[in-house]
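In the form predicted on its own, a lone chain appears below as structure tokens.
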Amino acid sequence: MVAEQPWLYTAMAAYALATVIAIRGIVRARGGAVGAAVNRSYEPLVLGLISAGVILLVMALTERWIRIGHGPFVNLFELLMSQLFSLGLVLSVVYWRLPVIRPAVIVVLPMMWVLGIWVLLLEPTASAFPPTYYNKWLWVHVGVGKFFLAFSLMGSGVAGVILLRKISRLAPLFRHMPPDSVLDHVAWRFMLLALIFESLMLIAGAVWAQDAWGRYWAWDALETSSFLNWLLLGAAIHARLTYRIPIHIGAIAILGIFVFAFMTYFGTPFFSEAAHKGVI
């Protein structure tokens, strides 16, 4: 077992416990009358566990950095681990600052567990750090990209609540949340933030590419997929602001955009012989 794995396993345990406690607390609160006081005693514990997971992932990333001598930018194991950190960080801030949408955590955390289970199944092998990665713009490109995916996840969590409310057996879980019209507004605010950070990601990536490979854009698989994601997100926001699209259709669009972003971020770089993979 390598140095970072105990920290990683403990962080995943904290996230798992936060998931269980959140689901249990929300299920217990579903029977109360609308407008009645809701038992929120479990919420500080959920926030504490998510925050603990974030801190433990910082320790895991630090241990790995010390062991292999470079940041978590190259192989899938370290990218998943760093993404779980950034998603948890944004989730903890949103959970703290927006109490009215806290029940959406039971949608967000299971979505994060796709990454959690994935990283636990991977070997923590070390990869060589490509010369083109010694560039300050890489930090900007990766950093704003993580915020793009995190805000997309937050919007998807709220959109998921809107859709789950249409299932009669699950609707009572979210009866104390604001009406769908309010959740729709919040979800698209998150997606607008995602658009801003994805725009910054593309710009920073182009500058990095110019420094690293002498070109701003080459239409490789990852660049093309990222650009398509940006177009889809921009078009969805435009449609939301310009036309009266039904709320549930907007929620489906948000989830579709997140799935596309997920496949772009965690699929394309590892199945395409592109510069992002360090082969050039």
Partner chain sequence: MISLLKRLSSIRLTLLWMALLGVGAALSYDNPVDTPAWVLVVPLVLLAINLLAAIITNPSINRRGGLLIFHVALLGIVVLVAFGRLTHMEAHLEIVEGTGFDTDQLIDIRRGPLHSGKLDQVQFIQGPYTVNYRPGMVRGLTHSHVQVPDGSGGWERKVVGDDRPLVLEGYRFYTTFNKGFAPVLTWMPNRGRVETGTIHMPPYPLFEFRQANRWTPPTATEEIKFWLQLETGMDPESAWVLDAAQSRGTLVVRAGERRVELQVGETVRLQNGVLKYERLSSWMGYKLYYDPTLQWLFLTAMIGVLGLAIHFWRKFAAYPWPQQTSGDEKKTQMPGHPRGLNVALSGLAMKAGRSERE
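Numbering follows the first chain given and starts at 1. As the structure is a computational prediction, the values presented were derived from the model and not from experiment.
Unshown form predicted in complex with its partner chain; subsequent notes refer to it.
Although its partner chain is omitted here, in the model of the complex all of 181, 186 and 234 have a heavy atom within 4.5 Å of it. Among heavy atoms of residue 85, none comes within 4.5 Å of its partner chain in the model of the complex.
Shown alone here, residue 238 lies within 4.5 Å of its partner chain in the model of the complex, counting heavy atoms only. When contacts are judged by a 4.5 Å heavy atom cut-off, residue 137 counts as touching its partner chain in the model of the complex. Its partner chain in the model of the complex comes within 4.5 Å of no heavy atom belonging to residue 125. For its partner chain in the model of the complex, the listed stretch (76-84, 195-203, 110-118, 142-150) containing residues with heavy atoms inside 4.5 Å is 195-203. Shown without its partner, this chain lists 58, 52, 247, 253 as candidates; in the model of the complex, only 247 has a non-hydrogen atom within 4.5 angstroms of its partner chain.
If you take 200-238 and check each residue for a heavy atom within 4.5 Å of its partner chain in the model of the complex, you get 200, 203, 207, 210, 211, 212, 213, 214, 215, 216, 218, 219, 220, 221, 224, 227, 228, 230, 231, 234, 235, 238, in sequence order.
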